[in-house]
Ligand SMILES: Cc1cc2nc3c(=O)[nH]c(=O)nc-3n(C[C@H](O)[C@H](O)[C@H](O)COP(=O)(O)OP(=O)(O)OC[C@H]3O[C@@H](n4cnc5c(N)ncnc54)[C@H](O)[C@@H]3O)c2cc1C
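Shown below, as C-alpha cells, is a lone chain in the form predicted alone; questions about how it binds or moves come after it.
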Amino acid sequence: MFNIDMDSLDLEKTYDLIVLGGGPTAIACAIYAARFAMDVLIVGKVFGGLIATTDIVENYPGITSISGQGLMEMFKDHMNSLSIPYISDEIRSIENVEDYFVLHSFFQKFKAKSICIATGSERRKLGIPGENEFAGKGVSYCATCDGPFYKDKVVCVIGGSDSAAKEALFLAQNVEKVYIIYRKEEIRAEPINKKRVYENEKIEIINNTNVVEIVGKTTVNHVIFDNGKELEVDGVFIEIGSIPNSEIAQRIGTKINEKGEIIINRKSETNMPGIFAAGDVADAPFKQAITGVAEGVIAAYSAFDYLKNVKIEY
C-alpha cells in the first residue's frame, strides 16, 4: 500500500517538484528529490511501469536476479521510507502560470515549481487484421501477465529484441512450443539470452518472416505469414518495441524528435525552463531501467539546482 491519505493531502500547496510516471525512473527521481529536501509529489497512471510486467531482471547492478514486480516493490519500500506521496492519476494538461505550473488531472489539479516527465512508454502494436479483435482472446503484450493461461499449448512471440527473447524463455517454462517470428535474419537479444534461446528445445525461430494476419473464431487458432504460409498457434505475444508516452510534453510545447521522444540534454533538461524529462520517454539511445534511474536522479538534481537559482514569490 502507498503511504498517502488523500483527505490529508493539501491540493492547494505548490510542490517544489511533481514527477509524472510510476516506473523506476519516476520513483528514483522522487527519492533523490526528497533527499535534497524538496517537497515532491508523484502522479502516476500505473505504479511499476513496463518493468513490473517483466519476469526476470538480471542486469540491474547489485541484484543478481529478481522479478520486475519484486524490483518495483523494493522501489516502493524506499519511496515509502521517505514518506513520498504517490497518487494514482494521470495528468491531462499543464499550464504555465506566472512562475509555476498548474497540472490538471482527471480528478484534481496540482501546482508545482518544476516538473519531471518520466511517463515511460507503451507497447507498440503490429496494426494487422485480427490484432485488436483477439486482444485478450489469444493476443497479448505481456507473457508474465498471460503466459500461465497457455500451459501445454503452442504460442508465438513476434519480435527479435532482447525483450522478445526473454518473453519466449519465460513462456517455454510452461507451454508445449514457442515460435519466435522475426522479420530479419537473426534475433538481436543480448548474447546470454540468445544462447539460452538457441539451447532451449521448446523454442524455434522463424526468420525473415512477417505476420500479416491473426485468425481465429472465438480465440486465436493461427497466424498468416507474408509468404502465404500459416502457423497454428493458441496464443500470440507481440514484443516489437514501444512508443514513448510524450503526449503531455507535446501539448505544452516541449521539443520532441521524430520518434516522439522528448529531447533532453545531459542534465535531463528540456527546452522549457522548469520542465525536465527522463527514462524511456526521453531521447537517450539506450533504454534500460538502470539508465532511466540515472536520468531520473540527474533530473532531480537539475530541478534542485533550477529552484536554487529562481526566486519565486507567492
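Please read all numbers here as calculations on a predicted model, not as lab measurements. One rule holds for the numbers: they count along the sequence shown, beginning at 1.
Separately, the form predicted together with the ligand exists; it is not shown, and the next lines address it.
In terms of contact with the ligand in the model of the complex, the residue from Leu41, Ala34, Leu50, Ile256 that brings a heavy atom within 4.5 Å is Leu50. The partner is not drawn, yet in the model of the complex one stretch among 147-155, 223-231, 240-248, 77-85 has residues with heavy atoms inside 4.5 Å of the ligand: 240-248. Taken together, Gly23, Val57 and Gly120 are fully in contact with the ligand in the model of the complex: each brings a heavy atom within 4.5 Å.
Though the partner is left out of this view, Thr209 does not reach within 4.5 Å of the ligand in the model of the complex, counting heavy atoms only. Though the partner is left out of this view, Glu131 does not reach within 4.5 Å of the ligand in the model of the complex, counting heavy atoms only.
A residue is said to contact a partner when one of its heavy atoms sits within 4.5 Å of a partner heavy atom; Ile91 meets this definition for the ligand in the model of the complex.
Looking at Lys267, you'd find every heavy atom of it more than 4.5 angstroms from the ligand in the model of the complex. Residues of 149-164 that come within 4.5 Å of the ligand in the model of the complex, judged by any heavy atom, reduce to Ser163 alone.
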